[in-house]
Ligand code: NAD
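Below you will find one chain, with nothing else, as structure tokens; this is the form predicted on its own, and questions on how it binds or moves follow later.
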């Protein structure tokens, strides 16, 4: 289909260098969550297609020089970088259409930030990274040994991506995985298949990446993902999504000792200390409504001093009332639709549970009256929340925030850490050193201090506790995709 002059929607898989339909001929609908209309169809991969993709990736790793030719990889990835930049506007239109992402978000983490550096940074880091290094000689049994450490690709990586930030997560995974010499099978979420198939087409048509090095599967069958996880030819599973699914992946990958990188859920706390400028800081909590609250790192618990609780509730309530909700193509709307009817109903269920447990809704709490189509939920504020309530503990993945009171800095830290998750968060204070001191005590993988931004392809990202294992991006993410081989060698035996 097309939006204006922008063509979107490639229905084809990429397997072993070829853009193909599913072997069965099946397709599935791609639905616009803002209108509930069918945008078009995408190839519905099955067991046979998955088998072909695994075989191609395995063969490309084992039989080509992709894993060892660092300069060639760099050149290929920079070709992909240029292709991504050339179709930036097509990606933008596509993610608005299939993910319901408000267009304002595409000028940041949805599209522009990842296209700018998610592939470029790891491509350029290839030339900087210490692939081989010597360590001091050692002597044992009367023999002098030279020693070295070599870094080598893990092998075949299955990259399984979610629907909320489909371009950002996919590029973050494949940029590093390919730069480190791995071959990749990208399995996209069925809700947002076209951003993945576009990447597949660009690899096939615009780069010299060898056949089988990069493959794309789209499928309505979640069994395809499980097939990737259990296959012994797949060396690593890189997954972003729910903690429940991540736990299942870990459990079924463990018997064969497959490496896993799991970036999972979050229930991040925004802590506002008593010396902060409340009138400017507290309304900023409404940023969690971006993309209808469908972000794992969004700050969904607002922790404020007890003696300023009523003031804080009033400020955040007004900010949530001012959130623009509606057509994601309208630059004035920060809150678009939920991805599906299922997700919308799940969020509404959490809101009802919050009410039943004693939470007080100060704004929102239902579907917007203005929309009889589209998977919308009103931006919703819960007051009178204690940290043991469901709305304070579980990841809702919708535009719902819980306002919780604390007594002092120690109590704020206790409440922030009293959660199964540990992905992100924020700390705000008039005194920067105080904010940093509190931040050091928060058990999360990333933090925004007084609004500071940690994001970037050079910045490791991941979680503590139930928010996952491992890191994506940065040097740590680069290492995540490598094996370490330590070698001892001698100059050879003397002929005498």
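Keep in mind it's a predicted model, so treat the numbers as computed, not measured. Positions refer to the first chain, counted from 1.
Quick note: we don't show the form predicted in complex with the ligand, though the next part is all about it.
A residue is said to contact a partner when one of its heavy atoms sits within 4.5 Å of a partner heavy atom; residue 187 meets this definition for the ligand in the predicted complex. Proximity of residue 229 to the ligand in the predicted complex: non-hydrogen atoms within 4.5 Å are present. The closest heavy atom approach of residue 222 to the ligand in the predicted complex falls within 4.5 Å. Among residues of the shown chain, residue 264 is one whose heavy atoms approach the ligand to within 4.5 Å in the predicted complex. Comparing 277-285, 123-131, 385-393, 156-164 against the ligand in the predicted complex, the single stretch with non-hydrogen atoms within 4.5 angstroms of it is 156-164. A heavy atom within 4.5 Å of the ligand in the predicted complex is found for exactly one of 245, 317, 260, 79: 245.
This chain is drawn without the ligand; in the predicted complex, the residue among 397, 91, 406, 375 with a heavy atom within 4.5 Å of it is 397.
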